[in-house]
Each structure stands twice: as C-alpha cells, then as structure tokens.
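To begin, one chain is listed below as structure tokens, in the form predicted alone.
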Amino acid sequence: MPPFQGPTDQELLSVVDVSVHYGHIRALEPLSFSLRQGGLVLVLGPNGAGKTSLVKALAGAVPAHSGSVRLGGKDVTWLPAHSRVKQGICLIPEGRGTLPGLTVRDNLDLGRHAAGRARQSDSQSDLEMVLELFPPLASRLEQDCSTLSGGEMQMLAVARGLLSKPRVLLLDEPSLGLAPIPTARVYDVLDQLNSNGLAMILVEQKAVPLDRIPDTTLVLQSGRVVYRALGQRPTEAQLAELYLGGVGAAQ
C-alpha cells in the first residue's frame, strides 16, 4: 500500500467556529480544531451529541450555520458535497451508505467516479489496492452488496471511499452494529491507512480499538465540547462520567 503524500507536520484541514443549526435547533455549537497531514482527530459522544452533524458539515452534506472549513489552505466552506469529494474530503456515513441492488464492483466504481477526472489514476491498480486491504471483497465483486455481512458492508464502504482518492477520511461510527471481530478487522485497516499518512476524523460513541493515539480528542455532549485533549483520549471511566453530565477539559 503506497503512502499518502504530504509532510506530516503540515496543517491539512482547518475548522474554525463551525456550528450547525436545524431550524431553531442548535445541533452543534461553534467548534474549532485542525488536522495535519496523516493526523487523527477522534470525536466521541452519545447519541444526539452533534457528532454526525459535525462530519456532515465538513463533508458539505449539511450547511454550516457559522464558521469556516479550509482544506490545504483553500476555503471549501460553501462547496457542495460532490465538489468536496473531488477536493479530497470523503465521508463514510453511519449505516455504511452502500447501495442495495448494485454489485460490490458497482459500488466500488461509484467511489472511483466520485473522485473526478483530475484525481483519478490507474483504476485497476486502485482496485487491487483496496482488495488487498479487504480480501473478503475480492470473491464477492459480482455479488449484490445487500447480501454482505455487516463487517463486509463496512469494508465495502471504506474501500469505496478510498477509491475517491481522499485527502481526509471522515468516518461516522464505523463500528456501529458490528461484532468485536469484524470491528477489529476494520480498525486494523484504518490503523494501517492512518499510519501511511491518510488524515482521519473518526467519530464513535465508545472507546475504539485503534493503536494510534489521536492528535486531538473531542467529546461532545448536547452539541458542545465537554472534553478536549491533545495526544491522549479519555479512559472508559472518564467517558462514562462525561456522558452522565460531567465536564472535563472543555474548550
């Protein structure tokens, strides 16, 4: 697997005072952080905390009420979702986002086409790369994706995202509904990708089996940051306390 390009100390994504409102409902209070090339931001929180609203706003799937998003120094705040994919921001949504009725190969082709011509490269070598990362998909290319197991569905979702040639991968609860073994398999690949320089923003409800320590960890509760840490993440006990209403090292 080739490394993702770029110096690892260079800021890749800048998020400044981004908030999300749905009508009169404040889903996410203004939030700021940065992500370096090859970096990892971990966002934790219970249901309704604002995690999904955050990654959807970064991906352009919902409009930001305030703030700015810059990718590689370029302001992408008002770009639509399909344009952000072409710029290199890819969201793997909660629930996988695979399309029943299409084969595994068809789903992978959608990822490749989403990159746009300017970012497409040798499609065969790209396909071989994702099948090397996720061997179970290789024997299921002509199979309807709705017949896959939950773990295979998540593998397909990540593989399709990788074929869009992302610079930043946004993952919304990749372990949701998965048993421990498929969760570990998916996270093993995510760990490899991150170690090879792919920047990630990872959203989960609970502690994750990721070997790398995040550059930044944020815990959200009711749309606001209640815990922020650099180079560490909360323990299970701290997380339980935060979810019950305690406040840690907030903004």
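Start at 1 with the first residue shown and count on from there. What you see is a predicted model; the values in this text were computed from it and never measured.
What follows is about the form predicted together with adenosine-5'-triphosphate, which we do not show.
A.B. asks: With adenosine-5'-triphosphate left out of view, choose which of Q37, N194, T183, T52 has a non-hydrogen atom within 4.5 angstroms of it in the predicted bound form.
C.D. replies: Comparing distances to adenosine-5'-triphosphate in the predicted bound form, the residue within 4.5 Å is T52.
A.B. asks: Any of the heavy atoms of I25 lying within 4.5 Å of adenosine-5'-triphosphate in the predicted bound form?
C.D. replies: Heavy-atom contact with adenosine-5'-triphosphate at 4.5 Å: present for I25.
A.B. asks: Tell me, yes or no, whether E94 is in contact with adenosine-5'-triphosphate in the predicted bound form, where a contact means a heavy atom of each within 4.5 Å.
C.D. replies: Answer yes; at least one heavy atom of E94 falls within 4.5 Å of adenosine-5'-triphosphate in the predicted bound form.
A.B. asks: In the predicted bound form, is there a heavy atom of adenosine-5'-triphosphate that lies within 4.5 Å of any heavy atom of E173, even though the partner is absent here?
C.D. replies: The answer is yes: E173 has a heavy atom within 4.5 Å of adenosine-5'-triphosphate.
A.B. asks: Please run the contact check for S66 against adenosine-5'-triphosphate in the predicted bound form: heavy atoms, 4.5 angstroms, yes or no?
C.D. replies: Flag for S66 set to no.
A.B. asks: Please identify, from 211-219, 186-194, 41-49, 66-74, the stretch that has a heavy atom within 4.5 Å of adenosine-5'-triphosphate in the predicted bound form.
C.D. replies: Looking at the partner contacts, the answer comes out as 41-49.
A.B. asks: Listed by sequence position, which residues of 199-231 have a non-hydrogen atom within 4.5 angstroms of adenosine-5'-triphosphate in the predicted bound form?
C.D. replies: Counting only heavy atoms within 4.5 Å of adenosine-5'-triphosphate in the predicted bound form, the single contacting residue of 199-231 is Q205.
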